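First, one chain by itself in structure tokens, the form predicted alone.
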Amino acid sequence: MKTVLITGACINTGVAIVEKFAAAGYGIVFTGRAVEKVKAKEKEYQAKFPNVPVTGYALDSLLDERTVDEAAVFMLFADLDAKGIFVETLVLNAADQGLGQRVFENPLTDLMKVINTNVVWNYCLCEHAAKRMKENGGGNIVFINSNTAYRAIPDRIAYEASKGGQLGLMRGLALDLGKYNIRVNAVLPGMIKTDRWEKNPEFYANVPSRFTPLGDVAVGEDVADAVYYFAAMARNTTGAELVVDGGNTIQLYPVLPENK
């Protein structure tokens, strides 16, 4: 049985990715930041997929804004090794959203926190996972990136910079790890219907990025389908990007309905 490790899998898109792979018969390892939420979600996944092994770990990315918690990543993979679990697919879904960071107002450490989580911490996870993939004949790494790697939105400089840097990281890893039969790709969602969407219906009813060429924005299952494609179907694809944003990236500006 193949096993997938999915970070940030207690809410939203991470849940959809877990359920996609579990339904396909993959063993599941997932992470979240809070111990209580991880334990609760582990029980929920185990009940929903009784024939699939599911293991959750509480894992945070940083010790402080400047310092990635590399020791926690080391201990995670050491524990998986001790249990005889080989992670064939790594899905890097967890991210610091960097919401509301305004130039001239936020301290430099706020930017560092986002970059360290979304780039440096993810590199640390990749390094540990890829070492084992190399020893086991190959594997897959899939980044959950964002179309903001190419298109800026207000007050998200750190997030946009991290996602642009993450794509450079993805390409570099794809090049250097290809000789070990390790494929590295990225899914670039746009707006996704998450709990933020449900909690703020008035805002999201008129936000410009909801007006896509396809007339709708993605749900978690759309992103999960793209991740699964890279992991299970794209045998000869590495260093690639798959945009899942209803066509938003192709627009110069959103075309609003006449009644808006």
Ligand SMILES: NC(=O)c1ccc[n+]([C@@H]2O[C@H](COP(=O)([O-])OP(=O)(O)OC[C@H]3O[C@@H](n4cnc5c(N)ncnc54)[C@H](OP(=O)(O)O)[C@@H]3O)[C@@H](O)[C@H]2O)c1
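What we label the rigid core is the largest C-alpha set whose atoms superpose within 1.5 Å from one form to the other. Each residue number is its position in the shown sequence, starting from 1. It should be emphasised that the depicted structure is a prediction, and the values quoted were computed from it without experimental measurement.
Form predicted together with the ligand: not shown, discussed below.
For the candidate set Ala205, Ala34, Ala40, Ala47, a heavy atom within 4.5 Å of the ligand in the predicted complex is found for exactly one residue, namely Ala34. When you look in the predicted complex, the only residue of Ala234, Val52, Leu59, Val68 with a non-hydrogen atom within 4.5 Å of the ligand is Leu59. Under a 4.5 angstroms non-hydrogen atom cutoff, the ligand in the predicted complex lacks Gln251 among its neighbouring residues. By the criterion of a heavy atom within 4.5 Å, Ile11 is counted among the residues contacting the ligand in the predicted complex. The ligand in the predicted complex is not approached by Ser209, whose heavy atoms all lie more than 4.5 angstroms from it. The ligand in the predicted complex is approached by Ala95, whose closest heavy atom lies within 4.5 angstroms of it.
For the three residues Asn185, Tyr229 and Gly239, a heavy atom within 4.5 Å of the ligand turns up in the predicted complex in no case. Looking at 143-151, 126-134, 73-81, 177-185, the stretch with residues near the ligand in the predicted complex, meaning non-hydrogen atoms within 4.5 angstroms, turns out to be 143-151. Contact annotation for 188-203: residues with any non-hydrogen atom within 4.5 angstroms of the ligand in the predicted complex are Pro189, Gly190, Met191, Ile192, Thr194, Arg196, Trp197, listed in sequence order. Here Pro213 does not count as shifted, since its C-alpha moves by less than 2 Å between this form and the one not shown after the core is aligned. With a change of no less than 3 Å, the CA-CA distance between Pro208 and Ala226 is smaller in the predicted complex than in the form shown.
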